[in-house]
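Okay, here we've got a single chain as structure tokens, the form predicted alone, with questions on binding and movement later.
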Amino acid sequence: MSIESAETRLRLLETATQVFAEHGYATTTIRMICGRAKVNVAAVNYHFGSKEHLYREVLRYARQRAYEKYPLTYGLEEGATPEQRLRAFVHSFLLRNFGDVRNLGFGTLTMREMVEPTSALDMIVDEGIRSLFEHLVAIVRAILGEDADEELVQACSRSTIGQCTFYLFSRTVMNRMAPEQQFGAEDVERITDQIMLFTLHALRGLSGKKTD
């Protein structure tokens, strides 16, 4: 692939990420993407084959970009405790989904796919969400204790990630209810601390461990 061709492909991915995030899969057209990217409409067929295949590559691209910047082990040092690993999970999850302007596409695309699923949903689950949740389950199990009931471990993991996704799905409502709190990138540290405080007290209470 020539440098020019590679640049066109990347420009299409970058542009399509934003257009799909703004308008959703069903409403977005190839002409909309190509118009904003300033390329010929035939470029999508040449590089991706179809709108559906472009969308799938956009989801992969957005996820890869977000995880490269904010991996699951974001900020962790070797030998981290389960509690430190949990904080890294929560913190990186929030940063990936609305931590900065460049990653907004990832969070919005994920939210749209969950609300209005397309044929790409199974791919998202198999290539990303399943391993993400398994990572969290392992952390929660380590905090509760290896002999903890598996149903309890799963339930606590769902509750933990539910707190994180709440800020992804409900920010627009919360901003209207409390305009002074925008719940943006500058609030990620505070939100992480709140989720950690609530979650650790619950997990330690269930495990019989003392809370700090």
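One-based numbering along the sequence shown. All values reported here derive from a predicted model rather than from experimental measurement. We call the rigid core whatever largest set of C-alpha positions still superposes within 1.5 Å between the two forms.
The same protein has a further form, the form predicted in complex with another copy of the chain, not shown here; the description that follows concerns it.
When another copy of the chain is considered in the predicted complex, only one residue from 76, 72, 142, 111 comes within 4.5 Å through any heavy atom, namely 111. Looking at another copy of the chain in the predicted complex, residues 15, 67 and 89 place no heavy atom within 4.5 Å of it. Within 4.5 Å of any heavy atom of another copy of the chain in the predicted complex lies no heavy atom of residue 127. Interface membership of residue 156, defined by any non-hydrogen atom within 4.5 Å of another copy of the chain in the predicted complex, is confirmed. Although the partner is absent from this view, residue 31 stays clear of another copy of the chain in the predicted complex, with no non-hydrogen atom inside 4.5 angstroms.
Another copy of the chain in the predicted complex is approached by residue 174, whose closest heavy atom lies within 4.5 angstroms of it. In the predicted complex, another copy of the chain lies beyond 4.5 angstroms of every heavy atom of every residue of 28-60. Relative to the superposed core, residue 50 undergoes a C-alpha shift smaller than 2 Å between the shown form and the other one. Shown in the overlay between the shown form and the other one, fitted on the rigid core, is a CA shift at residue 176 of 2 Å or greater.
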